[in-house]
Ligand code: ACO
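Below you will find one chain, with nothing else, as structure tokens; this is the form predicted alone, and questions on how it binds or moves follow later.
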């Protein structure tokens, strides 16, 4: 673990480039450090000044002559190298490089940044940035930023790649009363990155949830490892902007085309147990809920409302969002029947109806919270003329206090009439929204996190010990020696056989006699195809013959395929003719792999054959750490699953065999990182077993 204690809670800070001139970054940082209530030593560094903000100024960090935990660098980019050298010689532990003008501006800036990192490594210093707003820890307190204001004290650790976004969020949070434990701007991430700050925040006793704004991830494997450990202590919620390059890198394969632009991050977040937000609003709504409410123990949700319409809207949102409307126990129903008026709905949603006073809310809310069949509650309110809205808010807060094991969210739909009650709920930690869908969305997110967290606990990487990796290595070495990166179909089929991935038998023939021998051994009918990496559209040139039933037809097909191919592509390198066993028709699926530059190989499963491009139906998971449970989830979340499980009375296909094939493909790609693309399309699925027909393997 990287110990960032001296960074987040330093005993001494030097501000290099400190200034007495308002409007300068060095001025703002010194003022923020002082006004934040920081109790440690502050050393302004400026060779032209003897005093800054009433503090003694020093020419360099070396001249301080005392230990310095953190140096905040506010000088121009070209001056940072000499400053970093001074900091190293002075024994500084951490550099917060606020200065911009590094790799974000081009080649020259990148070289400057690399030199800065080299200096830091030479002296054992760690770098935040460059090109950052800075860092805040409200519980130290410590404000080493040039923001206008200090963050409010709270329990959210916000880690952002964008400094400008940090400034905007900080200002917004002050207006909305949202507090933070840590507020980190990462900038260029030349050294310390999101994994370091997630790890540090997860061990911070004042942090209850970690929020991330990411544009990319630097160390994919470490990021996942750190996040999986962090979520055992605190929830992690991320908003990812931008796109990965997985789709662009692998456009030549079906799997790559299916992967799209952002699939790798979705797969990585899921595997790491990170809850992914889709908007900034959702990010902070979830963060706020995680700091004030317990994580739901299940999906069963109760709704209490005084307006039938609001209750219906909430019910739709619950069921469409994957939650469940709780079924109350007989005791709860009996209590509600006794206490509620005849017109009230005592089932879920509980409608206390429009003439209700606050006491009906109190009875209904406490009744459903006591029900063992309820995991969470959504309280809805329409401000009628007879309802004491403020007292309803008090009832909710008191119920939340009495039942801390179950989360409560609320939606008070109105304007001026609910304003005071809304502020009361905010102040007392009850997530409050204007409309039911927003409240339910937060519960959905919290429940999704609970499921993600549970999944990271269950299951180990699915590994098979009956594979022949030595032979696969020989095949790959032979392909490279031949100057190729694409395996011939018979080679790919043999690789599949080595990993016990059921495939249609395929052999390479270089003569009519050899072709006949292979066909007889396999049994008729067979398919014959030209074997050449230089000929892509084999059917178009007469390079494929199907349904061959006899030795005579084999010999004739061999001659015809060779003649057609040499005529159509005289420059192509031809290895011979592939003879493949013709398999009975089955339900067509695809199993594949595409490699992401950050997170490594991703396995895919979905509808295959001609349906690949038509339906765009595929599910992805990271190959590393892939569990049996994840493979089962992959299958069930596709449209293909509807066919596989038996559609309109058809016999179900062998889903366990499909799952095993996916697991074996994942292991093959883990064992051989040089595989850059792998497509098995189609795979024929049968009621018993399966058969891979067309296998494409490309090496990097």
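Positions refer to the first chain, counted from 1. Being a predicted model, the structure only gives us computed values, none of them experimental.
There is also a form predicted together with the named molecule; it is not shown, and the following applies to it.
For the candidate spot formed by 302, 324 and 433, no residue has a non-hydrogen atom within 4.5 angstroms of the named molecule in the predicted complex. Stretch-level contact check against the named molecule in the predicted complex with heavy atoms at 4.5 Å: of 603-611, 108-116, 307-315, 91-99, the positive one is 91-99. Exactly one listed residue, out of 120, 167, 582, 214, brings a non-hydrogen atom to within 4.5 Å of the named molecule in the predicted complex: 167. Note on contacts: among 439, 192, 133, 350, the single residue with a heavy atom within 4.5 Å of the named molecule in the predicted complex is 133. Within this chain, residue 9 is remote from the site of the named molecule in the predicted complex, having no heavy atom within 4.5 Å. Among residues of the shown chain, residue 163 is one whose heavy atoms approach the named molecule to within 4.5 Å in the predicted complex. A residue is said to contact a partner when one of its heavy atoms sits within 4.5 Å of a partner heavy atom; residue 17 meets this definition for the named molecule in the predicted complex. Put simply, residue 75 is close to the named molecule in the predicted complex: some heavy atom of it is within 4.5 Å. Although the named molecule is not shown here, in the predicted complex the stretch 42-58 places heavy atoms of 45, 46, 47, 48, 49 within 4.5 Å of it, in sequence order.
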